[in-house]
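Next come structure tokens for two forms of one protein chain, structure 1 first, structure 2 second.
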Structure 1
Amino acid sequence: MSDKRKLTKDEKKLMREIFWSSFMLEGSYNYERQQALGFSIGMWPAIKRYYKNEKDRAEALERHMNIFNTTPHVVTTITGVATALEKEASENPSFDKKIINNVKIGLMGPFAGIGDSLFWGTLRIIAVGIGLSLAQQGSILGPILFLLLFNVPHMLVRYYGGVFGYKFGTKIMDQANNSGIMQKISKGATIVGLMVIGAMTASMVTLESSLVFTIGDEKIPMQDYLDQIFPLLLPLLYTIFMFYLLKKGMKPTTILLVTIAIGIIGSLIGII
């Protein structure tokens, strides 16, 4: 964490090239090698700098055609680390090049974990939460704000992630593990993500009972009583029920269809 070294002019240019080359990671996503083609192309700024003859360049491109998969938004951090390793490999003939792919494989899992929960799980949900209420009021600002809230942090992480990855190079995993940064980030993201999802569940899942009990002459609408004890209890229970079914291994599409069936049947027989 103490690496405060300033980047040289050429290194800054390299960082910009890595940033711009990183966007097409999933252009040819496929089952066989997943994001490999895009990743290999993203390594070109480093490869063309460090290797001057055709054979070495080919060897490096081929090396990065190994199967690869991570969250697209955070890929430059791994590209940055791999770049630092390629630099070392090009300068030091005794460097074992197998290490490069090993480190990449070691990084892509954790980064997919952090990236997915940060970008898909947290940032996107916050952006939806804010954009959605505007869209529901019929304001065009809704989708615009949604895209901005997501993509401004996205672009910052994409650029500075590359710088971060490059600076720490080989040491990133050791240092990050020692100071527990990875765990801290992922734990923090989980807490924020869960709270936001909880809040959105409360505001966006609607389920009200239309049951009315008649005791003597008095009509008792069940929903009124539920609201006094625990408002929104039914949406909470339903969401937890869905979570339980998913945990039990039921397919998402199945429970979608089940939910539609429950909605239709429930409203036909008049309980919801």
Structure 2
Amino acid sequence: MSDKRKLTKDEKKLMREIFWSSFMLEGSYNYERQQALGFSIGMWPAIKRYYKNEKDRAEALERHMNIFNTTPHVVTTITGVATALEKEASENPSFDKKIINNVKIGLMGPFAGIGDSLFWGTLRIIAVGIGLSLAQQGSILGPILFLLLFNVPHMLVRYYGGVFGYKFGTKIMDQANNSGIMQKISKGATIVGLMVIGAMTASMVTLESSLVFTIGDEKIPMQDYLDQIFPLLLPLLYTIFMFYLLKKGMKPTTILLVTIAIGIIGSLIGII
């Protein structure tokens, strides 16, 4: 899927703008949407370039306010792909804009795994080890070398990742338009996106029952039997309940307060 096409002067300028704006990714991290606001800001250079009226720009910004979370160092690759999709959406009235968020969600999990392993699990440890050994000897090169060893690869990956993502997304769009497989891409991206959201739900939503039934001299923990019948049943049911409240129009902040109240009350009466 490599693309040796050189970027135009305008595209290079756009990549630089996306590179700098990507540093806002975690500027407003929150538990409701995580990095969504930062990602939306990172997309602003592309949005203001491709959409000329305020309504379309507002819709695009709002579109990128859906929950998002990945390793910051590799986010520009996803931003680059999303930029190519936004370009297609601005030029093609029949383009299904839902695919943009589906592709984002499908990419954020794998890239988070790669980014965490590469930067947090490998490069950071090596940079700290080298920098710390020099710092213990009283050398000023310790912290300087640490910052260089970590951030030089980081900056290169962050910038050229955006270029790669943009070229990759553009080529995918060209092939899709020429072969007529856009609907398959949309369906596949939707499936992957739902799988990622399902995996996030299973790993991030925790709910267990502390009820213990006593029959004679035997104590029966309810949670043990629930796990045997249907592992993670309670987190699933509560997630469905939260989704139901959202569909009914309840605000996420209200749902968060309800969750806190249920947790406190349930703990006090001994059921969770």
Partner chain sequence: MQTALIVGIILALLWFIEKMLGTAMVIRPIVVSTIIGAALGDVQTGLLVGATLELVFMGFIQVGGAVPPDVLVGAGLGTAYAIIGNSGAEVALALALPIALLAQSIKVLVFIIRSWFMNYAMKLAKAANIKGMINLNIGGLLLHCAMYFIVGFAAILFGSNAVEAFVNNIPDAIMNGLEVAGGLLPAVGFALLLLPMMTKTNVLYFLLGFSLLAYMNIPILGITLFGVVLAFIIVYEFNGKNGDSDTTDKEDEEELFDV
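Bear in mind that the values here come from a model prediction, so they are computed numbers and not experimental data. C-alpha atoms forming the largest set that superposes within 1.5 Å between two forms make up the rigid core. Please note that residue numbering is based on structure 1, beginning with 1 at the start of its sequence.
Q: Identify which of the two structures, 1 or 2, is the form predicted together with the partner chain.
A: Pick structure 1 here.
Q: Examine I220 after superposing the rigid core and state whether its CA is displaced by 2 Å or more between the two structures.
A: Comparing forms between the two structures, the I220 CA shifts at least 2 Å.
Q: Aligning on the rigid core, do we see the C-alpha of S203 shift 2 angstroms or more between the two structures?
A: It does shift by 2 Å or more.
Q: Does T239 move appreciably between the two structures, meaning a CA displacement of 2 Å or more on the superposed rigid core?
A: Yes, shifts by 2 Å or more.
Q: Core-aligned, what's the Cα displacement of L257 between the two structures in Å?
A: Residue shift at the C-alpha: 32.3 Å.
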